[in-house]
Structure formats: C-alpha cells, structure tokens
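The chain below stands alone and is given in structure tokens; this is the form predicted on its own.
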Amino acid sequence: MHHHSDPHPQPWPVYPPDAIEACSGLLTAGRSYDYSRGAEIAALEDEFAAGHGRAHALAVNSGTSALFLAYQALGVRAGDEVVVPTFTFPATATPLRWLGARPVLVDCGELTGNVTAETIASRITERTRGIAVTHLYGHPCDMPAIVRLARDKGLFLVEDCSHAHGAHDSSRRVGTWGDAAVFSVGARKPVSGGHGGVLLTDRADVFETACLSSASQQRSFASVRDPQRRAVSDTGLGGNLRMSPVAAVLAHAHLRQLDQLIEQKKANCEQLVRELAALPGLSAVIPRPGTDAGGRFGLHMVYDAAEAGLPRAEMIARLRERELRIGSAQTSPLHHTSLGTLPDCRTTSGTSGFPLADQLAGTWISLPADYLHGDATALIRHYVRQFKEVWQR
C-alpha cells in the first residue's frame, strides 16, 4: 500500500489568533474562572440570545447540562414521560433519568433521521409531560407541525440544537420555536469553546430556575429578579454548571464568524457529496425542501450495498485502509444502547419499533465533516480519487 503524507488539515475546532490572544490575557490575569456574569460570559449569552431573537441565554459547561436545566426548569418530575428521538446523541435522553423521569423513544419520520409530529404523537400517553426534538446533523425538524402538536396536548417543547448551529427553514432559525432550546458549544461543534452549552428561552421562570440550579450566589444574584426565586439565590440547588470565561471567548469567536464558516463548509460538503453521488450505490441524504443544515456537524450519504457490490462494513474497511476518515452513522439510535432496555423500548411483538431509524443507521456512511472547514479543495479531490479507485476494484 502506497502511503502519502496525510492530506487532512487540523480537524475542527480551529481558533483565530485574536481569540487565542484573548484567552492568554485571561490566563495572565488569573481569570480562568467566573462565578458571576463577567464580560466574556455576558458577550456570549447576549450574542446567542440576539441571534435567535430570544429573551434569555444561559451559558453552562455542556449541552448535557443545558438539557438537564431545561427539563428541570420546565417541571419534569419523577415518573413523568418525555418523548425523545431514538436517533440522537444519548444526552438528549439521559438527563431525564437524573430527574427520575422516563425518556420514551420515538422513531424517525423522515429520511434526514428527524422525528415528525406523526411519529411523536404515536408515543404520547397520559403520563407525557413534554417533547424533545433533535435537529439531527443540522437538518431542521418540521417545527410548525410539532409546535401545533405540543400546544394541542399541553406539552412543553425542548429543541436540541446541538448539531444545528445556524440551521434554518425558509422562515426562521432552529432554536426559536421551543419553550427552551439547547446548544452544545463543545468538542467538534461548529461553535465550540472546548466544553460548553447554552440554554435559550423566552420564559423568565425557566431562565431564572435554570440559573438557580446551575450556580449559587454571585451568578444568581446577578440574574434572578423574581422576589421568591431571588430569596433562594444564596444556595439555589447548589449546582456548579458554570462555563469558564476561556470557553466563552473561544465559542464567541466561532459564533461571530458563523455565517462565513457555514458558507464555506456548505460549499465543501455539497461539492464532496455531489462528486461521490456519481458512484453507483452512493446518494445524498435529501434535506426537507427550504431547509439548510447550518454548520453541518456530521455529513452522511446513503449506501446501497446491492448497487455498490459490497456489504457496507467491508466497503468502509477498504476506504479506511486508505486512511480515509469514513464510518457508519456517527450516532447510534438509542434503542441500540442500554437505554433500549427501558420498558418503553420493548414492543409487544419483540421486534424493534423503530424501523426507519434502523434502516438509516444501517445504510448511512459518514464523511469527515470535521475537516471540511476552510479551503478543502485538495482534501475533496483526494477523497473523490480514493473513492473512485476503491469502486473500480
């Protein structure tokens, strides 16, 4: 096997020099933590809120923490059910377990992997308190229909936008529909502070309750206005889910350049998919008309083993032999994980109640979205050439 030098650039996240310099200044000043709402945290929260037209933003240490705070502030109690997509990262569901509540998993309803109002409605019972939806890999769910369902049934609605920075349909951005919306701003996300999460809401009660649960004293005294809630600001729930000002500076740098990042990444992703779709057995994941997947955390194509002539696992292995960063779907449906042992995941017949999620998870291959920022012309050319060679064999 002939090996050439690795054509992959540094994977995302990549930070601009001014952000690195600002972090260096914080460290020089000993300001690696923030118990209140210092300038860096405030700037990130204000920009997130303004960019989504929402009244309140709370920056915390992870998207998982933000989901926990949303569920708790929206009144989830032990024994409650909350409907959650099966095709999502575990953190959409796991914080419900901390509250003694039960995530009820629901199948996809469209080929993007997203749930729909129809698939959600099929799992609602008299114990259901709310609905969580994930805009999977940035593809926006059909929110008008889901909002109608939530209103009709008197259920809260949480949007998990952790994959979907800057994603939108023809009328508005994701993160603007739910009682609360949650963004992860950690790891490989299009907006990343290394670790971090943001909770968005228009409801002062949700925002202030989340403040009290995520931090005591300084932050709560800075943000909690309601007299009854303010009275417990000295302790709150005693959580320590704060974001570091260093993370806030890094995430804010990405947020400020998000439109340019999306423009370039979108062009790169679309070019790679377009060229690979010329090969037999490879086709694009078709977005719902009028939607855009924003920062494109994750990029998948549909693999047809019969048409391509090899089982998917074998084809992935051959591509990986050439040091291509290819895999199956980045996230495995939750009914395939230990959450799948919950009673709600077992159907009477003993077969999976999640046929579309199983189909998608079984036919998608992931392309390396983490490397498709900036000028990716050479990388795209390399991938297309390698794929064609493997296909010709």
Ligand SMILES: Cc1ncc(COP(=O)(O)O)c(C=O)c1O
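The first residue of the shown sequence is 1; numbering continues from there. Model, not experiment: these values are computed from the prediction.
FYI, the form predicted in complex with this ligand isn't displayed, but the following is about it.
Trainee: Should Lys189 be counted as a contact of this ligand in the predicted bound form, where contact means heavy atoms within 4.5 Å?
Mentor: Taking the distances in the predicted bound form, the answer for Lys189 is yes, it comes within 4.5 Å of this ligand.
Trainee: Considering only heavy atoms, tell me if Ala357 and this ligand come within 4.5 Å of each other in the predicted bound form.
Mentor: No, Ala357 stays farther than 4.5 Å from this ligand in the predicted bound form.
Trainee: Would His139 show up as a contact with this ligand in the predicted bound form if we use heavy atoms at 4.5 Å?
Mentor: Contact check for His139: no, nothing within 4.5 Å of this ligand in the predicted bound form.
Trainee: Report whether the minimum heavy atom distance between Tyr303 and this ligand in the predicted bound form is within 4.5 Å.
Mentor: The answer is no: Tyr303 has no heavy atom within 4.5 Å of this ligand.
Trainee: Only one of these stretches, 110 to 118, 162 to 170, 143 to 151, 284 to 292, has heavy atoms within 4.5 Å of this ligand in the predicted bound form; which one is it?
Mentor: Single hit among the candidates: 162 to 170.
Trainee: Which residue, Val206, Ala91, Leu96, Val249, has a heavy atom that falls within 4.5 Å of this ligand in the predicted bound form?
Mentor: Only one listed residue qualifies here, and that residue is Ala91.
Trainee: Please tell me which of Thr134, Ser214, Thr86, Thr201 lies within 4.5 Å of this ligand in the predicted bound form, judged by heavy atoms.
Mentor: Looking at Thr134, Ser214, Thr86, Thr201 one by one, just Thr134 meets the 4.5 Å heavy-atom criterion.
Trainee: Give, in sequence order, every residue of 191 to 226 that has a heavy atom within 4.5 Å of this ligand in the predicted bound form, or say none if there are no such residues.
Mentor: The stretch 191 to 226, when checked against this ligand in the predicted bound form, contributes only Gly196 at the 4.5 Å heavy-atom cut-off.
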